[in-house]
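Okay, here we've got a single chain as structure tokens, the form predicted on its own, with questions on binding and movement later.
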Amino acid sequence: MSAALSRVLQADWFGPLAIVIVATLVIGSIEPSFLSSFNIQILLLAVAVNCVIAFSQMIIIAVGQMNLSVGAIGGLAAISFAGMMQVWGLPGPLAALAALAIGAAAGLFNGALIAATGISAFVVTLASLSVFKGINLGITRAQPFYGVPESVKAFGNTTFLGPIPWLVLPAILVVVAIMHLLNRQVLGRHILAVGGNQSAAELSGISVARTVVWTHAISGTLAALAGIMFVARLQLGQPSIGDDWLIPSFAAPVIGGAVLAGGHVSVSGTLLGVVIVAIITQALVIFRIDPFFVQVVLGFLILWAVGINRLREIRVERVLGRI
């Protein structure tokens, strides 16, 4: 019993879950409207979109890299999705598939360039961020696409079970898919192996280049899905979609226990990290605090989470040193 309790207390998701529970109880007791049906719907909408953004970064962290172009890929897919419906008259599902293909292609471009040249993912994705954002502005001329069908708007702003919005469904599918990938699929194990120790992965016969390419393709696809969800939520294709995704995309995985060096991530921890950020943002709105203050809080949360991870690494190193 004590061993099981110890494992629970040391799990990546335990700390974030405790924060979510305490924060919900405290804020709800101070301001009862926080637990109202309308506010729960707003929270779920934010969690649904932001968790897809977080997983698009988490999968890259798992392989020991980072993707600075997550927002640019999502923004490009978003305006492509809205533009194809407005200009070409494509139905929503077909436009969504095309936008997902654009996201996957952008991710493949990043991954192939990193694998072929050996250049740091930081540098490659920093450069591609500018490329994808430039294409975005070239297509839109910095003007939004307003011709979003009513069916797409309804999917992004209506509910199907009390306060639960339809937009939660794709987020749930992503959570299940990523969990299955990392826990059950060969590619997922290769991703974690490469992130944990690239040299050892190569010696065991894993193709590091192929793994990196596939990981970035998945990341690009998830970023594109988040862009599509944003269009449905905002009811237009805004060229600025994705511009502010970078910090949140790192915050949730790190709060959830991801090791930035790679090899260890937590799907449940990342999801709870997204919930924490959503609660903080909504609490600032309810208490009429300057919303820009959320950036300060996120910065401290990231520092706190990185510090906790570092303490865990030091403890593990000490234990291994005694063996």
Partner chain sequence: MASPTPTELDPSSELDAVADRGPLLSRESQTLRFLLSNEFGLIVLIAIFAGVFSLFTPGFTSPFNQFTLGRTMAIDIMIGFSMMVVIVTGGLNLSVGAIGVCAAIGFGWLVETLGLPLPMALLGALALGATLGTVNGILIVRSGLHSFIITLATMSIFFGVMVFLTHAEAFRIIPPEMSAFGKMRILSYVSPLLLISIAVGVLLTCLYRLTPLGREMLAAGAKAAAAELSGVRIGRTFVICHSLSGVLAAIAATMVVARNGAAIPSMAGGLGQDWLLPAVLGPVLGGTLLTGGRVSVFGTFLGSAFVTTLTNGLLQFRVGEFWLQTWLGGLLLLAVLIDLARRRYLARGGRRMA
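Just so you know, these numbers come straight off a predicted model, no measurement behind them. Positions refer to the first chain, counted from 1.
The following text describes the form predicted together with the partner chain, which does not appear among the structures shown.
S.K.: 59, 267, 52, 254: which sits within 4.5 Å of the partner chain in the model of the complex by any heavy atom?
M.R.: Of 59, 267, 52, 254, the residue with a heavy atom within 4.5 Å of the partner chain in the model of the complex is 254.
S.K.: Looking at 172, 164, 123, 94, which is the one with a non-hydrogen atom within 4.5 Å of the partner chain in the model of the complex?
M.R.: Looking at 172, 164, 123, 94 one by one, just 123 meets the 4.5 Å heavy-atom criterion.
S.K.: Would residue 138 count as touching the partner chain in the model of the complex under a 4.5 Å heavy atom rule?
M.R.: Looking in the model of the complex, residue contacts with the partner chain include residue 138, since a heavy atom lies within 4.5 Å.
S.K.: Check whether residue 30 has any heavy atom within 4.5 Å of a heavy atom of the partner chain in the model of the complex, and answer yes or no.
M.R.: Contact check for residue 30: no, nothing within 4.5 Å of the partner chain in the model of the complex.
S.K.: Determine whether any heavy atom of residue 296 comes within 4.5 Å of a heavy atom of the partner chain in the model of the complex, and answer yes or no.
M.R.: Yes - in the model of the complex, heavy atoms of residue 296 and the partner chain come within 4.5 Å of each other.
S.K.: Can you tell me if residue 89 lies within 4.5 angstroms of the partner chain in the model of the complex, counting non-hydrogen atoms only?
M.R.: Result no; residue 89 lies far from the partner chain in the model of the complex.
S.K.: What residues in 226-251 sit within 4.5 Å of the partner chain in the model of the complex, counting heavy atoms only?
M.R.: Heavy-atom contacts to the partner chain in the model of the complex: 247, 250, 251.
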